[in-house]
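This document opens with one chain alone, in structure tokens, the form predicted on its own.
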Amino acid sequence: MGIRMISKEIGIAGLGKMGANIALQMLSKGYVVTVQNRSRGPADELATKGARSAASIEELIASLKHPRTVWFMLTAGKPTIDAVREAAAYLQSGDTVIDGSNSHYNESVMLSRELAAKGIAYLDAGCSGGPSGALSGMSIMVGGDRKAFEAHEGLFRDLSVTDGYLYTGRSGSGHFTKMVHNAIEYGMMESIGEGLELMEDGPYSDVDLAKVCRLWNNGSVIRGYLIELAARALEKDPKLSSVAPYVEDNGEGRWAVQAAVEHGVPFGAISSSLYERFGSRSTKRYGKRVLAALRHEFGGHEVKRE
């Protein structure tokens, strides 16, 4: 697979909060960027800021000089798989696809093999940092063909913070590393939530929790971005009364728990954090009714009636 060093020309498909900000950062770094989105509005908006707008993936690819690089920033799963396969019909040997979604690592391996059969390189790039990082510098975990990575290393350097990118190895390893990263995030978030709940419901509930978080983020061993975000949220709404106690998940935590089971890795804290998210989504859980009924039956403990 002959892969030459890329020029500073690139296509981006998928202009949500992450994709649009990545495009803006590329533009700020002097890249020639063609953008495409299912709805035209985001692409047209970026066109006012220097990007070239394409109406379709075919048009996006046609706008790029060979060897082409197309970065996909779409929803993981079928949307990404379908878009990459569509692009493969128009790409040529020596071109490169970068998948910046949170795709399952097995899907990344599958797409890598399909594209390799056509001489097209595939890099799975797990991106962390959220929309603000996409605009100002992310942490990027890249798996796939090493020569393709080396040809695009300057791009990853331009899009990341200092020391913020890493080649993780063969296809799938970038998205696997990002999956584990997100699973760790689940556990850390659950710990922060439980700790602050104890502060809120404990004997010193008059303590300003936003100030506590600001304190913890200065010199303590739990300082970090999530504590900073907790402080920011509490400063806006000290009781978080505007936030419903419903926590969604995007799949990475489930995949990580499944992988831990497959490989026999103890995963207690992270598994528990995932199940807590499930528990947040129901106010009328049958299992909890069973627990209350059992306590009443064996010990005569009072139950609350609806």
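Being a predicted model, the structure only gives us computed values, none of them experimental. From 1 onward, residues are counted along the sequence shown.
Although not depicted, the form predicted in complex with another copy of the chain is the subject of the following passage.
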Inset, instruction - Would you mind picking out the stretch of 75 to 83, 216 to 224, 94 to 102, 115 to 123 that comes within 4.5 angstroms of another copy of the chain in the model of the complex, counting non-hydrogen atoms? - result: 216 to 224
Legend entry - another copy of the chain: the contacting residue among S28, N250, S56, S272 in the model of the complex [heavy atom, 4.5 Å]: S272
Legend entry - another copy of the chain contact at E153 in the model of the complex, heavy atom, 4.5 Å: no
Inset, instruction - Decide whether D145 counts as a contact residue for another copy of the chain in the model of the complex under a heavy atom distance cut-off of 4.5 Å. - result: no
Inset, instruction - Examine L166 and determine whether its closest non-hydrogen atom to another copy of the chain in the model of the complex is within 4.5 angstroms. - result: yes
Legend entry - Interface membership of G268, another copy of the chain in the model of the complex, 4.5 Å heavy atom rule: yes
Legend entry - Partner contacts in the model of the complex for 161 to 192 (non-hydrogen atom within 4.5 angstroms of another copy of the chain): V161, T162, D163, G164, Y165, L166, T168, R170, S171, G172, S173, F176, T177, M179, V180, H181, I184, E185, G187, M188, E190, S191, I192
